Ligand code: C5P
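A single chain, nothing else alongside it, follows as structure tokens in the form predicted on its own.
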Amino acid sequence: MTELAIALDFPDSATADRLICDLGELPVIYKVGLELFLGAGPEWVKAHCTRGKRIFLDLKFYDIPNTVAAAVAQAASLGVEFTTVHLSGGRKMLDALKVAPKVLGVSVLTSFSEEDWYENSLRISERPHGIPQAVQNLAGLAAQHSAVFGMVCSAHEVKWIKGAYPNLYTVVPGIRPVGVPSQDQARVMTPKEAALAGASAIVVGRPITQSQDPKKIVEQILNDIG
């Protein structure tokens, strides 16, 4: 069964609290990114973990191994269920993770189109890999490392990843229900398409958070992926 993570892309805790309250006991995960974490603070995150909410702290850590290990340990101390690190930080960075929640490795951000990725990669290498090859390489690292629970990838890569590495928990952002504009996401699918492709969890933000009836949208998505 595919799970639903809701991206709480809000600048303050009050707005996020209203949505969490409105959704009641619906079986969802709440994804806290940089904006809300900086606006609400770690104690807000810890309080919701204490209340039994499933929190996905998506800060995409990427630094020297010791710094990332310390940051991930701090995330674990808050009680979050998931957190993220960039797989491009490499094996030594992953080796340093000793105390951690479920670590999800970030591969290629879903805001990248193939053209944008290629242009950006040319700044690093004269012979860059395209998105599929880059994701496959990083998926191999994620699957082989004991510190990594799963990875974040687009719906267009998840079928291959689940086929090659069925034990990886795959989290797919860039999900847009039928009829909803893709906005700044370049590689998107509907909730049902992503579930059928093998996503362990999908991430939906603005189609829910900007809706006049977010609970109705959440219930529709849960029905689509259940």
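Heads up: residue numbers just count along the shown sequence, starting at 1. Remember, predicted model here, so these are calculated numbers, not experimental data.
The same protein has a further form, the form predicted together with cytidine-5'-monophosphate, not shown here; the description that follows concerns it.
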query = So which of K162, R54, K46, R176 reaches within 4.5 angstroms of cytidine-5'-monophosphate in the predicted bound form, heavy atom to heavy atom?
reply = R176
task = Have a look at 131 to 139, 106 to 114, 93 to 101, 73 to 81 and name the one stretch with heavy atoms inside 4.5 Å of cytidine-5'-monophosphate in the predicted bound form.
result = 106 to 114
ask   = For V152, is any heavy atom within 4.5 Å of cytidine-5'-monophosphate in the predicted bound form, or not?
value = yes
task = Determine whether any heavy atom of I221 comes within 4.5 Å of a heavy atom of cytidine-5'-monophosphate in the predicted bound form, and answer yes or no.
result = no
task = With heavy atoms only and a cut-off of 4.5 Å, decide whether I225 touches cytidine-5'-monophosphate in the predicted bound form.
result = no
query = Is there a heavy atom of A16 no more than 4.5 Å from a heavy atom of cytidine-5'-monophosphate in the predicted bound form?
reply = no
inquiry  = Need the contact residues for 1 to 26: heavy atom within 4.5 Å of cytidine-5'-monophosphate in the predicted bound form, sequence order, or none if there are none.
reply    = A7, D9
